[in-house]
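Okay, so here's just one chain, in structure tokens, the form predicted on its own.
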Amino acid sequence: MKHLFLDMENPIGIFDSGVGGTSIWKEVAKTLPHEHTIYLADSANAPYGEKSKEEIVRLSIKNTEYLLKQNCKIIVVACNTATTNAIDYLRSHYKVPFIGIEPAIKPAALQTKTKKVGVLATKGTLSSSLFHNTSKLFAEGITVLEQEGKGLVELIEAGKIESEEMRDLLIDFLQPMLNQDIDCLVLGCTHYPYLIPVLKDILPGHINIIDSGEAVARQTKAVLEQNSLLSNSEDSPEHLFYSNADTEVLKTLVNTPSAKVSYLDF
């Protein structure tokens, strides 16, 4: 279905519970280098993973409404918890296309040799029906070991990615999985790709770390093509980033000259 009220030069909207979805933005910007983007970091309400489904839906509506007021032609829900709890509602109430994110169970199930896969995610993602349906669909005959990453988002939002506290938490979370011989670790939160350098230092070299960023960027491009919404501009795009909390960590993670990072009370 074509969305005739949308202009191909309108921006791509992206939102997350905080700064973590910038890991998705980087893949989108790399795959679609001529597209304008607007990114919302709802850091004042992070993490979403501890909230009720009703609250997650309410916050997702708030973020969506703001991005639609900025004439976004497609919205990427760059948050696993918001996707698993709210995207069905968003798709049924708004005409704009939505791209969601869920843990990369399928590629992990295809790659594992030990038939044991670890998933590090938020409580809100692990407890969702979408996550369990995905696991059931793609992980038949595979043992999926789930671990709630309690406290990780808060440390990332605080800029403490390489802290001793972060390292200690990760070791506590990962050791039970290692004891059960996982050979793939699925990162089920868009904040977690920023932990990959630390994870590689902690984990044995044979363990594959899998996230969803590239797949989400490819899907975003495909949906834009299907709806005749790909930009045909050769000009340098504008990238606007907004946070409703301290912007310093967001600035550090984005770290590109084309980005404009601002505080916004949304």
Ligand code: DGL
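Being a predicted model, the structure only gives us computed values, none of them experimental. So that there is no doubt, residue numbering starts at 1 and follows the sequence shown.
One more form of this protein exists, namely the form predicted in complex with ligand DGL; it is left out here, but the text below deals with it.
Ligand DGL in the predicted complex is approached by Tyr48, whose closest heavy atom lies within 4.5 angstroms of it. Looking at Val153, you'd find a heavy atom of it within 4.5 angstroms of ligand DGL in the predicted complex.
Within 4.5 Å of any heavy atom of ligand DGL in the predicted complex lies no heavy atom of Ser128. Within this chain, Cys189 lines the site of ligand DGL in the predicted complex, having a heavy atom no more than 4.5 Å away. Only one of 118-126, 170-178, 87-95, 104-112 lies within 4.5 Å of ligand DGL in the predicted complex by heavy atoms, and it is 118-126.
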